[in-house]
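This document starts with one chain, in the form predicted alone, laid out as structure tokens.
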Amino acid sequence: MVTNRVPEYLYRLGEFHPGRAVAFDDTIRAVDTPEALQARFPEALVRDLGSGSVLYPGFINAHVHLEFSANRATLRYGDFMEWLESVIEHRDELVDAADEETMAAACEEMLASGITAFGAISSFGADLAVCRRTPQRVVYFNELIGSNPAAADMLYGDFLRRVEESSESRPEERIVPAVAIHSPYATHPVLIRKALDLARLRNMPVSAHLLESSYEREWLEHGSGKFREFFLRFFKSAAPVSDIDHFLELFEGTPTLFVHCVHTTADERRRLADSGHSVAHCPRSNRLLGCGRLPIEEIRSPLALATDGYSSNWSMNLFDEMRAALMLHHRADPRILARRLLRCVTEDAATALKQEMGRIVPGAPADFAVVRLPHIPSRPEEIALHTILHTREAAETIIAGNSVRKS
């Protein structure tokens, strides 16, 4: 059954269109006026979404760590290295406490804010069963981490096992297997090369953390600072396994979603854009860990906005994240920034994840977030800003043409 959903406004490719509707089954069949769609699909069920409604593509949370969903006040905030040491100290207890119910609650919270797809960064595979059951589409990033070359075969074997397990998911589970490289300071180049060869062979999306903190840059450039103390204390190592230039060279020819990038230079940001890479921005996480501000005004790569995980955030709600970004990037015109942020959670996020979603165009998945505003602004160019300011939950979340949640 094809259904026309008639919103007051429809958000399509960065613009707001009045008087438009969508015909869809599990994918989008057409976008036109309600009258034209009714003539084309006379048997379709027609639904008017009502006053104040805006139909968006389903929102995409490009970078989430579900396996730390049990954290609330265990980890230390304010300084990246203090936070990282607290992760090492409490990792086992937090991973054990993040049972399936806890992780499913995080998925439900995302669903409530209109998130129809997310990128799950999985270090252990403990979240796979939850990702298989959630209605959302999941780009499942099997993370590879380890800087000790003596353990490379063991680490890669475990990583490969997890990749194969996620690849065995059924189509209705909507899981796309993917590869995540933890970071240049925590993953040996030998492992990175092997993982990227696999990603290229299977055409899998790739993600990597990059230059989240100033400590990382100091360690990779000079082998000094608090990371030196950290590696000596926990891993008996006194030298970085890579440098920034060598790390980026490994990804040449493999478009990658680089996460954080707060302490990249202007030249490195240009290099990312010229190489076809994307960037994921997690403003609340960066603020809580004392990392600083990503200069998004200098980012020319596709830019995704993401919540990161409960290890460095207090909600998985993308409206919370967009409001935080509006306040953090205070020099930008809020109306222009709001429109960019909505692209960051729709079409740009889809590009970053190498998926055909995030757009209301024929052939795209019929994934939608219905937002209901108290009043539609008189100027359409302000709808994006008021969507971010006034929305806590989506009025309805639709995945593959099926309504999966209403508020």
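The model shown is predicted, which means the values in this text are computed figures rather than measured ones. A residue's number is simply how far along the shown sequence it sits, counting from 1.
FYI, the form predicted together with a small molecule isn't displayed, but the following is about it.
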| property | result |
| --- | --- |
| The single option of 136, 147, 311, 122 touching the small molecule in the predicted bound form, heavy atom within 4.5 Å | 147 |
| Contact assignment for the small molecule in the predicted bound form, among 319, 231, 159, 215, heavy atom within 4.5 Å | 231 |
| Answer range among 223 to 231, 126 to 134, 276 to 284, 204 to 212 for contact with the small molecule, defined in the predicted bound form as heavy atoms within 4.5 Å | 223 to 231 |
| Heavy atom of residue 185 within 4.5 Å of the small molecule in the predicted bound form | yes |
| Exercise: residue 235 in contact with the small molecule in the predicted bound form, heavy atom 4.5 Å | yes |
